[in-house]
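A lone chain, given as structure tokens: the form predicted on its own.
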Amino acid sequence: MIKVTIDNILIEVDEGTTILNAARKIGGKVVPPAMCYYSKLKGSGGKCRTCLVKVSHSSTKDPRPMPKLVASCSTPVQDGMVVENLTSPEVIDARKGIVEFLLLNHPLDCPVCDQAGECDLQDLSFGFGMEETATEEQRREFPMTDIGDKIKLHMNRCILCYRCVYVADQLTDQRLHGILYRGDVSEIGTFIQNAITNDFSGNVIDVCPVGALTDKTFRFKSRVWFLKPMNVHRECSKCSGKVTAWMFGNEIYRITGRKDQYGELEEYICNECRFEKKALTDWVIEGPRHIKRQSVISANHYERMKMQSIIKPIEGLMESQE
């Protein structure tokens, strides 16, 4: 085991653990934000730079500080390492600059974006964003694109985190989209607008940290904070069938994969569960989904509601349908 100190908190972790994952073992505000790193996707990380931290003490053998801020998602810990995250003014200033950089081309369309309320970039800009930007250049613009009959691509909002590309590479048999061109004209796209039609393509929606990839079956139907996220499951031959159903009253508005406290999917789900099963009779309801209390989705405090007040109307509706 290796001992590492992060924001004055000592923890023991396995050799080869990255600084970010060591911080996640501590939890709370000690954890650096991450827009591109995804623990279940091999090769992810190192793109957005929001997880930069300061290593003020490299190791017991080499006590010298690292000369520059390092990406915590790809830097392994060393025995005796001392890391500064929120305790370093240098890290805070750098993170503000990174947020400004991510927002250079990102449109200010949160009021009409389906991702509003569960957007990692929204949370990041609230915590580290600046009131004014130093740039005056116009934002780049791309036309909206359909990459299949269920997925809408808003390239204007994309921050090129590569998560959706890694999902397609590692989860499906054939990848039809990727990064096109270079530099400030780089974009996510498909060659000659091929449709993404594989059985697990909908997972690119769940891994996207911004509103660049959205569910066409849910677009503009409701705000997420008006819905009740419920744990439900069904027998499925393609995936585990364990999902989150976002409900308004007795109606299911959308289906998503279940996410952990860091916004990462616990399990990938198939398109049949995600897009085609929207009736209550398709699912077995387990109970309300726990949402972190700082999220806007928790504003209605749905967890305080008694389970019977949720389940009974649903059971009555299902009996009437039978």
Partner chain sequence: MGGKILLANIDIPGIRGFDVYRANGGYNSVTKALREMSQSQVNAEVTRSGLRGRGGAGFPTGLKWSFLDRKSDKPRYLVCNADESEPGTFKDRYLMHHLPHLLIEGLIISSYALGVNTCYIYIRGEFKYLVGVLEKAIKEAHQHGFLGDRILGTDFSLNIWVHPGAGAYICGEETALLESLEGKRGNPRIKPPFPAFKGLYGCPTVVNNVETLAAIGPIINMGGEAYSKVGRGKSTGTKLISACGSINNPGVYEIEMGLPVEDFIYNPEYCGGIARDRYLKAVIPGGSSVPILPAELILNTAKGERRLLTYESLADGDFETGTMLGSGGFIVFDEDACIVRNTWNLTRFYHHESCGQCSPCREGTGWMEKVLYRLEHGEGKKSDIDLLVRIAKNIEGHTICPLGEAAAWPVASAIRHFREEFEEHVLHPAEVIEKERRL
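Only a predicted model underlies this, so the values are computations on that prediction, with no experimental measurement involved. Numbering follows the first chain given and starts at 1.
Below, we refer to the form predicted in complex with the partner chain, which is not included among the displayed structures.
K.L.:
Please pick, from Lys278, Lys292, Lys47, Lys40, the one residue with any non-hydrogen atom lying within 4.5 angstroms of the partner chain in the predicted complex.
P.N.:
Only one listed residue qualifies here, and that residue is Lys47.
K.L.:
Sort through Ile159, Ile252, Cys239, Cys113 and report the residue having a heavy atom within 4.5 Å of the partner chain in the predicted complex.
P.N.:
The option sitting close enough to the partner is Ile159.
K.L.:
Please name which of the stretches 115-123, 134-142, 225-233, 202-210 has residues with heavy atoms lying within 4.5 Å of the partner chain in the predicted complex.
P.N.:
Every other range fails; the passing one is 134-142.
K.L.:
Taking any heavy atom pair closer than or equal to 4.5 Å as contact, tell me whether Lys29 reaches the partner chain in the predicted complex.
P.N.:
Lys29: no, not in contact with the partner chain in the predicted complex.
K.L.:
Even though the partner isn't displayed, in the predicted complex is Phe248 close enough to the partner chain, meaning a heavy atom within 4.5 Å?
P.N.:
Output for Phe248 is no: heavy atoms all beyond 4.5 Å of the partner chain.
K.L.:
Taking heavy atoms and a 4.5 Å cut-off, does Arg219 contact the partner chain in the predicted complex?
P.N.:
Judged by the heavy-atom cut-off of 4.5 Å, Arg219 is well away from the partner chain in the predicted complex.
K.L.:
Taking heavy atoms only, is Ser74 within 4.5 angstroms of the partner chain in the predicted complex?
P.N.:
Within the cut-off, so yes.
K.L.:
Does the trio Val13, Lys25 and Gln170 actually contact the partner chain in the predicted complex, every residue with a heavy atom within 4.5 Å?
P.N.:
The answer is no; none of Val13, Lys25 and Gln170 reaches the partner chain.
K.L.:
For 252-286: residues with a non-hydrogen atom within 4.5 angstroms of the partner chain in the predicted complex?
P.N.:
The stretch does not touch the partner at all.
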